[in-house]
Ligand SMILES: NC(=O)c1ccc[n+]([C@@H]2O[C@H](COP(=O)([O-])OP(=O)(O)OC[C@H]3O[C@@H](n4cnc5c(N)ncnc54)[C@H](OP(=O)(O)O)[C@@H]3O)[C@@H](O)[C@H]2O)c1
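Coming up is one lone chain in structure tokens, specifically the form predicted alone.
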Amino acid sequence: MKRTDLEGKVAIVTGSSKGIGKAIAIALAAKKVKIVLNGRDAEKLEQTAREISSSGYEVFPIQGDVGIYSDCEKLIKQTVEKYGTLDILINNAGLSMEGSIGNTSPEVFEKVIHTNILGVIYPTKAALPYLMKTNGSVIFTGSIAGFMGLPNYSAYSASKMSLTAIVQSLKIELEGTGVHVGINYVGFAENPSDKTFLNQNGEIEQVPIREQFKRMPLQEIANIFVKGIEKRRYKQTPSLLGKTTNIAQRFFPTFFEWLMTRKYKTEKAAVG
């Protein structure tokens, strides 16, 4: 398969003021890609833009909420006005949550589902006319939570499972247009100190460090994203845990469910 030269390309990375999105932006910038940052927090976005530009990279921050379609239209319009084109869209923005279905506030489900599903459909829809002109790439940040519904992460798992359906539909719809569609099923990553999630009451909490799992460095994950774009790959599962989880739930579903149930009961007993 022909390798895509990324130098001089224009890329939008949603949710790029921190975490995986920021790491992807830096990895692409190192390939001499012109980077458009996007996020809801204008202050963090500007801070990240200054940090990346201080390394000599070209970066353009655009504040906005991917869960609002007019913001997505503005994001694409301002990018094209600035650079004249669009080659890559990384749909990375998303929300995490924790809480059982019985105890979680309905507003939490609504917020997570809205952001994680419509928040990838909206920017994709707005960007497609331009990506079709450039034979560009639209990439999605998936999760191993998309392989099977995880206890206490139902809304998050549902939203990440839906990404596979969205990507499958999109890939077929774009067949013959030259647009590359890809998804990366990310496992546990090294969390930045300010990474947060919604608890069952909708309150923002800091994501705890999960010492029981091997966490992939953000830059390693980002480099896999970049390689996937260069080689125009469809699906990538970066971590060994992700690959193992995918195989287990596909070929040994009963055993995997038993294992997950046992683990969940053990954790519940330990908490209370």
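Residue numbers run from 1 along the displayed sequence. These figures come from a predicted structure and were not determined experimentally.
There is also a form predicted in complex with the named molecule; it is not shown, and the following applies to it.
A.B. asks: Decide whether G64 counts as a contact residue for the named molecule in the model of the complex under a heavy atom distance cut-off of 4.5 Å.
C.D. replies: Within the cut-off, so yes.
A.B. asks: Is there any non-hydrogen atom of S137 lying within 4.5 Å of the named molecule in the model of the complex?
C.D. replies: Looking in the model of the complex, residue contacts with the named molecule do not include S137, since no heavy atom lies within 4.5 Å.
A.B. asks: Taking the shortest heavy atom distance, is R40 within 4.5 Å of the named molecule in the model of the complex?
C.D. replies: R40: contacts the named molecule in the model of the complex.
A.B. asks: I'd like to know whether T115 contacts the named molecule in the model of the complex, with contact meaning heavy atoms within 4.5 angstroms.
C.D. replies: Result yes; T115 sits at the interface with the named molecule in the model of the complex.
A.B. asks: Even though the named molecule is not shown here, does it sit in the model of the complex so that K18, Y156 and K160 each have a heavy atom within 4.5 Å?
C.D. replies: Yes: each residue has a heavy atom within 4.5 Å of the partner.
A.B. asks: Could you check which residue among L198, V186, I183, L131 gets a heavy atom within 4.5 Å of the named molecule in the model of the complex?
C.D. replies: Filtering the options by heavy-atom distance leaves V186.
A.B. asks: Looking at 40-48, 27-35, 238-246, 53-61, which stretch has residues with any non-hydrogen atom within 4.5 Å of the named molecule in the model of the complex?
C.D. replies: Selected stretch: 40-48.
A.B. asks: Could you list the residues in 83-116 that come within 4.5 Å of the named molecule in the model of the complex, counting only heavy atoms and keeping sequence order?
C.D. replies: Result: N92, A93, G94, L95, T115.
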